[in-house]
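Before any questions on how it binds or moves, here is one chain, the form predicted alone, in structure tokens.
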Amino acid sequence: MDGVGDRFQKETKYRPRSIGVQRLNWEAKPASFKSHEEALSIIPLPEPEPKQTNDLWQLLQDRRSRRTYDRKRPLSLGALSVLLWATQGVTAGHGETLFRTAPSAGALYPIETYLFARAIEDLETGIYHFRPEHFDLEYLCRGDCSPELTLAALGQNMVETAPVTFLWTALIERSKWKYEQRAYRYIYLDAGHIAENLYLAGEALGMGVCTIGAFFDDPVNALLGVDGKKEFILYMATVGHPRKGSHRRG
């Protein structure tokens, strides 16, 4: 008997006979960007200043998942700015579409970036939401939720020690508007593109990055204040200064 994963793969297949002429309802197109009216404050991010001397091929060679961080070294706001730009920064515009550093199916960009900032210079500890169109952060929730987030991430301690944890959600209707059930395939692809950009940018900055796919969805959704249906957690990643002598993994 097929499991849910097997059925998903079968039922989201494209077949020649199943693809007809698609007419999009432009009046029903979901909003391309999200903002929180209840945000505690808005924090403009400094202009990103990526390093210009890194060799892409060397970064690809050196990239590893690094899970142990120096707890005494916070991340600078400037470094965070570079990481956010590398993952979903705006690089060009065409009409109402703002193209990003990472590709997205149909240029629909259903992935939203949240942060749990534990130790970022010039930022209070708490949950933030990144707005790429304004290149700023919405401050959503005060306080250290690292114990709860670590527990939700199946007890993976790097969440508790990392200066920042990236939390990527999907606003599924942005993609379903065009791709219907096939959208569920595309959001995971989009998240993978974004995460690899984070790995390479982190490597360029001398940071350690580790992505996380194992977590209890409902507690993370609750921490972010999303409903788990229209918007839900998809992927996570920790970032910090690697602890000297720490072991590197794949």
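Just count from 1 along the sequence shown to find any residue number. As the structure is a computational prediction, the values presented were derived from the model and not from experiment.
This protein has a second form, the form predicted together with a small molecule, left out of what is shown; the following refers to that one.
- [ ] Counting non-hydrogen atoms within 4.5 angstroms of the small molecule in the model of the complex, say which of Leu98, Ala102, Met158, Cys141 makes the cut.
- [x] Contact check passes for Met158.
TODO: May I ask you to choose, among His193, Lys34, Arg64, Arg182, the residue with a heavy atom within 4.5 Å of the small molecule in the model of the complex?
DONE: The option sitting close enough to the partner is Arg64.
Open item on the list: Within 4.5 Å, heavy atoms only, one stretch in 48-56, 65-73, 34-42, 217-225 touches the small molecule in the model of the complex. Which?
Closed with: Stretch with heavy atoms near the partner: 65-73.
Open item on the list: Given that the small molecule is not shown alongside this chain, does Gly213 nevertheless sit within 4.5 Å of it in the model of the complex, heavy atom to heavy atom?
Closed with: Within the cut-off, so yes.
TODO: Find out whether any non-hydrogen atom of Phe232 is located within 4.5 angstroms of the small molecule in the model of the complex, and reply yes or no.
DONE: Close contact is absent here: in the model of the complex, Phe232 is far from the small molecule, nothing within 4.5 Å, heavy atoms only.
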